[in-house]
Every structure is written in structure tokens, then in C-alpha cells.
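In the block that follows, a single chain appears as C-alpha cells, in the form predicted on its own.
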Amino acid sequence: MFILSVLKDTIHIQPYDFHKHKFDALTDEINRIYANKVIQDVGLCICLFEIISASEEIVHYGDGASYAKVTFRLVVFRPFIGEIIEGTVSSNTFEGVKVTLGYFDDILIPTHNDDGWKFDHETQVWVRLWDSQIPETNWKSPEDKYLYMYMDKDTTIKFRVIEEKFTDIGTKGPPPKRTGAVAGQKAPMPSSSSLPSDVMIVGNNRGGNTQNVKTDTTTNAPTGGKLVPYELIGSIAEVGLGLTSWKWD
């Protein structure tokens, strides 16, 4: 579920952080830049794991900040395809069942590419249909053919990761500004981004451009959800998966 990724970056340290130990200041700045951000084809950055190497700091003329070339490892959330994960049902949407892990919300179990789903309009939740073990001779109605398993909100669910999607939503540039470092004074920004120009880095949330709206792949109609930089697609189409409250024999 979690991997270690090696990155290289030029990290700047502002003068008001000079009182810190060099590696403490670099750690704080790396976490500020990368934590809770998605890097395309890498995953969701969680935090710094270790600093491998750091050059001597350089102070440019006219700029009070120091700059150091740093090689470091980040803890990154990126499950492998086929991994089984336990999460919580967060909502039922047009696309399917949404699942959250607490720190990552963009997980979808789609319902439109599988005949084993039915939407219950009374409860407004998706229902997973499984063949009933009741002999056909004992059916009281045709509905007895299936077991109806409701995907209620806030219930624990196990699913298998079957796909991952990285989407370039067009956010590129410097990391967010720091404020409050000096009372009443806004933290200055470097003249250019401290991120490498070939690294795409975006927040793990659904804010931003309201025109980045998901569309159905078959009808091209809006689904109501917004594009996200990193999304996992899951499945419960096998015995042993689904809500943990279900009893499998």
C-alpha cells in the first residue's frame, strides 16, 4: 500500500528558519511542499522518510534565502493492482460506491459495468445482488433468487484494487505560501518554483477549477463528480469481499 520513492529537488530555506538545524529546516520544507500532494505516476505523498544527501547551501545575491540540492525518500501511498484494502463506505453516487480510507477519499467501486448491482431508490444506496442459496422450489417470489446486500454509509468494506487513474488537471507552479512565520509578516516566496519543472504536483482534494467535471465514458454526459489527480478503482465481485458485516460461508 505504501512505497518509498526517491526524489531530487532544490530546497530553499527562508532566513527566519536559519536558527534550525540544517536537516530539521530541510525536513520541514520538504514536508510543506510535498505532504498531501499527488505527483503524476508516483502517487500521493505522505511525508518525508529520510534525507539521503544535501549539498552545501547557496545564498544568491539579492535573495536572503539559502538553497540546497537535496536527494530524499518520501513515503508514498500507491497500492498495487490486485491488493485488497479495507476502507469505509463514504457515499453512494451516480458512478457507484465511494470509499474512504480516512486519509484518501478518491476510491470508486463502479456499478454500471456489472449486472450484479441494483439501486434502491427508497434507501438511496446501491445493493449488491448475490445468488441465493434458497432452493428454487422454496421461493416465495422471483426476488428470492438473490441476496440483497446494501452498501450502507459508514460501514466497513473490503475491496480489491483493479485499476488506478492519474489525471493531469492542469495545476502547475510553486507550492502554497507559508504565513505566520514572523508575526504580522507574510513569508516571502522564491523567484521561481522550488519544484523541478518536469514535476506535476497537485493537492489531493476536489477543489479548484469547477470546469474539470467527470463525464460518462459512453454517453459523454456529466456525472456530477470533479476530476481528481489520483483515483483508485475497486471491485467486490468475488467471494470474501464486500462489507465486513456480511457473513461468508
Partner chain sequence: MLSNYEVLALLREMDEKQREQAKINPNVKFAENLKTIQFEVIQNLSSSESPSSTQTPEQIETTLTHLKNYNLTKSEKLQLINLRPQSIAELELIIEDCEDRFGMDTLRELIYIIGTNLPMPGKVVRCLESGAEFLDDESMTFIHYPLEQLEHQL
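Note that the structure is predicted; figures quoted are calculated from it, not measured. Numbering follows the first chain given and starts at 1.
Omitted here: the form predicted together with the partner chain. The next part is about that form.
- request: Please state whether every one of the three residues Lys153, Lys165 and Leu227 places a non-hydrogen atom within 4.5 angstroms of the partner chain in the predicted complex.
  value: Heavy-atom distance to the partner chain in the predicted complex: none of the three under 4.5 Å.
field: in the predicted complex, segment of 91-99, 106-114, 120-128, 76-84 with a heavy atom within 4.5 Å of the partner chain
entry: Result of the contact check: 76-84.
field: Leu243, heavy atom within 4.5 angstroms of the partner chain in the predicted complex
entry: Although the partner chain is absent here, Leu243 would stay clear of it in the predicted complex, with no heavy atoms inside 4.5 Å.
query: Is Arg32 close to the partner chain in the predicted complex, meaning a heavy atom pair under 4.5 Å apart or at it?
result: Arg32 belongs to the contact set for the partner chain.
- request: Evaluate Ile51 for contact with the partner chain in the predicted complex, applying a 4.5 angstroms cut-off between non-hydrogen atoms, and reply yes or no.
  value: No.
task: Check whether Met1 has any heavy atom within 4.5 Å of a heavy atom of the partner chain in the predicted complex, and answer yes or no.
output: Result yes; Met1 sits at the interface with the partner chain in the predicted complex.
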